[in-house]
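In the form predicted alone, a lone chain appears below as structure tokens.
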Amino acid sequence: MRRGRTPELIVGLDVGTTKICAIVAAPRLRGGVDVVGVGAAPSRGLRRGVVVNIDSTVEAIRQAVAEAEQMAGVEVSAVYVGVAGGHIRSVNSRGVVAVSGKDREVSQADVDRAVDAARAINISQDREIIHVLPQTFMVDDADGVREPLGMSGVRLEVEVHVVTAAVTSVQNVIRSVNRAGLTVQDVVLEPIASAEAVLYPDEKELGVVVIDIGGGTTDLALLRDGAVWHTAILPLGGDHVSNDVAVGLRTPMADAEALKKRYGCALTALVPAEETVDVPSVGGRKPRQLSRQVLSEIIQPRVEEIFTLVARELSRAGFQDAATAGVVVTGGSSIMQGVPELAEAVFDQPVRRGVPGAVGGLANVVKSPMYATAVGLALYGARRQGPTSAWTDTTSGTLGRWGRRLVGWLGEVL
């Protein structure tokens, strides 16, 4: 199954715990993208953001990509893929170098050396750096420099946010994508992609927390001064809410999921006392009628726990007061009624739901929090469009390194 290359199109592939979503997009001249194809398939091969069954994951990737290809009327060969999972770790680091040019003018080579110095952190052999994101530069005594190129100085310092992941977990995602007949252009941390899709520039400047509540994980990213300062993945998500409903109401898991989506509310105070819902029973028993408030009383503690863990994570990292512009909740589970209101109560800050912006084309199709990560991956790809190296499945166990220029290479097809 050979696929023709369409270099100008970008594909974002969100490999999630509950769904796998593919977005085919064309970059726009003034920034942003036009969405031309969307595809989604139920995901059964992941658990809490980590691949546990490669065959099921490959099948779902093929299904989602084929659907997006059909809608766009093109064939794609390379994707930007999102990763999450409890194995993700992040740390802020600093690098210092001497400016090397004869006129003591900061060049791109100096910037690259400073970033390389900052990425030289101590990590174990089973981990790999997936992002080194510059936050701010310092040229001699001038700090808070965004763009040091062309400045005069003797000493260049950079602060960066370094994200590391377990080699095997990233490898399994890459292997799944390769087996679906696709090349991985880049691996992107999912909350960084979501932030790319749902935030306004002024929010990124002031300081904002993005909370992406997915099926198996809740991903968070803190941005301020236009840069990423903290990221984390918490192993709790919408699936845990559905599980609570299934156990609490003694109803099958599929029905619990449907009840949560249709009648769920994260804040009991918003539910009128007289509203009722029909709850299917297990073992062939007759359905029961229950107050919708009972359903909400099961959902609220779990969603509250998710937000409390996010607040605790920010406080542990020393960023509890950094989100001046408030909080943005996104991801499929944030669609539920009452989620922003409950988040406001927990964080004591303004909260809004984040939907993908800066998109044209099929914008109405993707204008939902559940598409935030996939659209963000396409936007991320559009900003980095150009000759890129491909990540490949290297069965010897070491990750495909950046240096290999394999963009035209077709992934392993089984």
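None of the values given here were measured: they were computed from a predicted structure. Each residue number is its position in the shown sequence, starting from 1.
Absent from the display: the form predicted together with a small molecule. The rest refers to it.
The closest non-hydrogen atom of residue 49 lies within 4.5 Å of the small molecule in the predicted complex. Proximity of residue 155 to the small molecule in the predicted complex: non-hydrogen atoms within 4.5 Å are absent; the residue sits far from the partner. Taking non-hydrogen atoms only, residue 166 never approaches the small molecule to within 4.5 angstroms in the predicted complex. A residue is said to contact a partner when one of its heavy atoms sits within 4.5 Å of a partner heavy atom; residue 336 meets this definition for the small molecule in the predicted complex. 261 is the sole member of 261, 94, 316, 250 with a non-hydrogen atom within 4.5 Å of the small molecule in the predicted complex. Among 223, 303, 213, 173, the residue placing a heavy atom within 4.5 Å of the small molecule in the predicted complex is 213. In the predicted complex, no residue of the candidate spot (33, 186 and 383) has a heavy atom lying within 4.5 Å of the small molecule. Residues within 4.5 angstroms of the small molecule in the predicted complex, judged by any non-hydrogen atom, belong to 235-243 and to none of the other stretches in 173-181, 137-145, 235-243, 267-275.
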